[in-house]
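Encoded as structure tokens, the following chain is the form predicted on its own, with no partner shown.
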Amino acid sequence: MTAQGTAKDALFAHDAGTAALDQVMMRLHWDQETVMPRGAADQRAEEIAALETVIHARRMDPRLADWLAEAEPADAAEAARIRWIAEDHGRAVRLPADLAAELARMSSLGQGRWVEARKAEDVAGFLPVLERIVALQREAGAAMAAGGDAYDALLAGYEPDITAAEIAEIFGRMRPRLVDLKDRVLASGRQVAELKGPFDTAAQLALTARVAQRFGYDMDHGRIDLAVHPFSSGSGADVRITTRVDEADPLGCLYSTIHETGHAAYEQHVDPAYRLTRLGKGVSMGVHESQSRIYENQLGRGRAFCGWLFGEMQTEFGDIGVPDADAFYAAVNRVHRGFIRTESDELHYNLHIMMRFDLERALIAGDLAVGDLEAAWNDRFEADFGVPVPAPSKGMLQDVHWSAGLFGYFPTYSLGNVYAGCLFAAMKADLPGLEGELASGDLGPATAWLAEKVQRHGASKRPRTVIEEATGTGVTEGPLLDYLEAKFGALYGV
């Protein structure tokens, strides 16, 4: 075996071990959010910190530099794998090991404290933990940025190849059309009936499991559990999702599940040859969100699929308070000034994200103190949405992200919406029978198109390249905004 072959073999074996440990870390987080005893939170934080120390040491292993210098890829996939390992190594060597461990420990503790604070509406009790997390994130961002922008360094952990300034430009172009359409819809005076329950928990979970499988979720390699904040975890042969249930509102459970199924399907459909390698997962959170958002919105909230789902709802629950499929479609897409991001309509959703993006950039830059966050949130929300925030659980405590140290994650939701708009336009052009298939509850052609065009590639291509090759066009917010104009213009007669 040549020296180059030995270096590549050693590099890839090391990568496989790191990828396996990443999966173990995800299991620890999944357990923490689903079935872990509440009293185990402090111990779990130490366990996660210890494991992060091991993973971080692997990523900054000095042998990697030599292996990377000598390894010669045999094909494009191996070249991509080597590039990603090099990027991960570069980030890791700039982040001190003790800081990485403390970030992991505090993020684990923060999630537990957030759950308690959210339940008790206790911002003051949560602030000391959040202040510590923000301070650590500032330090980590500055270390990884090496003189550059700290927020950009954090963002690169979720969406490489883009800067916060570029995202701000995209949001700046989106905002006027979104606000104008939202205002015209709210001023239309059109009333939309809401569903009436109650909707039994067990029946909701049974229906959502069937719907998830309709969308291609493989239950032989996955499971659905309950959590305070729905999420997806894992890749390859073990991909788990969670949802939450409200007996007064079955749409939250249904569409949270469909959303997480989009994430899970992406991970389940990555080429098995990439399993337990740096390529064996979604390439970025923006591309990941494109899958969850297109599953949830363009497919799941579309008129055709809603017609099928209305029949399933009647079968499961009987009278649901709306008379027909058209009324159900309108109820699913009702535009309202809601407080909760995950339950918001498609028009308000991106305004939620733009607000969080601005707030977290200010936090990391030091322009906004953590102690002033609640007031800043409430002021911005009332300015953007026209209603005051009634309680912290409907305001700054509603999302898990900051308590888990996920700074730089939020903008990928709207970037995912932009990607999804491009993908859906291409999908409709490629699948002329799509509407009829969705009307019969057949998601197979749509999800197969996404699996082939996006999901199977894993991280073997760069994020923007995946979308551009899937659609045959450049990435632009135009298709998303055109889709929203057409859909809600028709629904509300504006």
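None of the values given here were measured: they were computed from a predicted structure. From 1 onward, residues are counted along the sequence shown.
As for the form predicted together with a further copy of the same chain, it is not shown, yet the points below apply to it.
Q: Among E46, E452, E435, E469, which has at least one heavy atom within 4.5 Å of a further copy of the same chain in the model of the complex?
A: The residue in contact is E46.
Q: Pick from A40, A448, A65, A429: which has a non-hydrogen atom within 4.5 Å of a further copy of the same chain in the model of the complex?
A: It is A40.
Q: Can you say which of 142-150, 269-277, 420-428, 342-350 gets within 4.5 Å of a further copy of the same chain in the model of the complex, counting heavy atoms only?
A: Selected stretch: 269-277.
Q: Consider V115 of the chain shown here, and say whether it contacts a further copy of the same chain in the model of the complex, taking contact as heavy atoms within 4.5 Å.
A: No - in the model of the complex, heavy atoms of V115 and a further copy of the same chain never come within 4.5 Å of each other.
Q: Using heavy atoms and a 4.5 Å limit, would one call A237 a contact residue for a further copy of the same chain in the model of the complex?
A: Contact with a further copy of the same chain, yes.
Q: Considering only heavy atoms, tell me if A69 and a further copy of the same chain come within 4.5 Å of each other in the model of the complex.
A: A69: no, not in contact with a further copy of the same chain in the model of the complex.
Q: Would G222 count as a contact of a further copy of the same chain in the model of the complex, using a 4.5 angstroms cut-off between non-hydrogen atoms?
A: Heavy-atom contact with a further copy of the same chain at 4.5 Å: present for G222.
Q: What residues in 23-50 sit within 4.5 Å of a further copy of the same chain in the model of the complex, counting heavy atoms only?
A: Heavy-atom contacts within 4.5 Å come from Q23, V24, R27, L28, W30, D31, V35, M36, P37, R38, G39, A40, Q43, R44, E46, E47, A50.
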